[in-house]
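For reference, the chain that follows is the form predicted on its own, supplied as structure tokens.
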């Protein structure tokens, strides 16, 4: 039985067709994967199922009955919930308070919250679905993976039978991905129907029962997972064969001069706790130095220090022998350091600004786009159009805002802007987070092009396969320290995994 079905569902924005007569059928109790390139229309389709936007035409059926949702509340009342790619949680509230937001448990015939009863009810549901959560923890104190589980619990508490997950693993570590996979399979075993939007084809093969492929707003393929493989899915998504593994040219850069250096870098957070301790790193010209580690071991703080968003308490940073320690981000960029931040919307883009404005953000004072304090509008428009074409950024309206773009296409704006700045050093944190396989291939090749041109690259990524594919040397972070630096060609994922867990070749675990 099909628990959810769309019949010729279409969504238009003016002349732009985001979804074109899509027919989708999801069987009860299955895990359905929706895959496609950035901007293919996947999230638009899911937003229509969840009542966030109304279709231009077509029908939506839930349990065989036609429904029309005017809001997410209508969808939830029909047993359909959605977990968005970017979490919608209140950090200062507890796990329990976030789950119950809007449907708090009140004391009998009073407007006051019954805190004890709330915690008991939520903990019972958490235990029922075997989620590893302490409902009294504050959301600001828990891991990214636990935040993901809180979002899922918000829907399960509301008793939904159909769960839509938009890029559920985009911000998770490999260990958290494994935990989520177990949780989703457990939910399926308990009778829940799950729809996942993802770019990670390995997860599609591991998790789903069937796959629907969407390309430029249309369904172009529908397959049982057991009858396909990653390469076939990638070919259907992109319309051509995709190289799923990077072919990196062997370059002897061991004798190249050091272009970027960190010496004894330490820093404390706002609570006075040391989060980086004596970090020593060197990046040579034409070298990719990868930073591996389970998220939460100081990578974010290291990124903030090297991009000027956090000050050091000890140590020096030099670029071509010139000290740039604790410089402002604008000065660091001006010195020749390109920056790709791990959170595209928090640090990389302004969603309410236009694509054109974001294309020059951080470089708006440069002579090619600014003359005597005035921005050169026509020049900037030409630059925007060139980068949209060169980086294959899918936009409905080139004059529109970044908020109108899919997450992957928004990421491509940052990639285009930073690569086009011709940096001496590129600091790239999670450069392919949330982008499709074709775009991953493109971005990886662009990074290797910079390497070939003699640019030093500091690559921070939670994707171990990305670190292994692109890096010449790999430094592993654990509890704010570098506990090992290895040559990529001489190491293995097993060795890196042990280092990431704090286990050194001496056989002991680092404290």
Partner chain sequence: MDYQRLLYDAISCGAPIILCVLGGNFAHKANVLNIALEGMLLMGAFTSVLFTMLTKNILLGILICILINLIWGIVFSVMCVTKKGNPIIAGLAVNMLATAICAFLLKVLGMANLNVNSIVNVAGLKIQIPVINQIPFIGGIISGHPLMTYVSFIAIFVMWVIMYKTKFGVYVRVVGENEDAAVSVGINVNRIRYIAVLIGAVCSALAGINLSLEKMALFTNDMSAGIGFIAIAAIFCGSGRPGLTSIYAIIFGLAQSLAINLSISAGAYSGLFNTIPYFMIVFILAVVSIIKMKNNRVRGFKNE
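Predicted, not measured: the structure shown is a model, and the values here were computed from it. Residue numbers count along the first chain shown, from 1.
Another form, the form predicted in complex with its partner chain, is not on view; read the next lines as being about it.
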{"item": "Heavy atom within 4.5 Å of its partner chain in the model of the complex - the one residue of 394, 386, 215, 268 that qualifies", "value": "268"}
{"item": "Sole residue of 104, 186, 282, 209 within 4.5 Å of its partner chain in the model of the complex, by heavy atom", "value": "104"}
{"item": "Residue contact check: residue 309 to its partner chain in the model of the complex, 4.5 Å heavy atom", "value": "yes"}
{"item": "Partner contact for residue 92 in the model of the complex: its partner chain, 4.5 angstroms, heavy atom", "value": "yes"}
{"item": "Heavy atom of residue 111 within 4.5 Å of its partner chain in the model of the complex", "value": "yes"}
{"item": "Touches its partner chain in the model of the complex: residue 88 (any heavy atom, 4.5 Å)", "value": "yes"}
{"item": "Interface stretch in the model of the complex with its partner chain - options 198-206, 122-130, 420-428, 72-80, non-hydrogen atom within 4.5 Å", "value": "72-80"}
{"item": "Its partner chain in the model of the complex: contacted by all of 84, 272 and 326, heavy atom 4.5 Å", "value": "yes"}
{"item": "Contacts with its partner chain in the model of the complex, stretch 49-63 (heavy atom within 4.5 Å)", "value": "50, 52"}
{"item": "Closer or farther: C-alpha pair residue 132/residue 343 in the model of the complex, relative to this form, given a change of 3 Å or more", "value": "farther"}
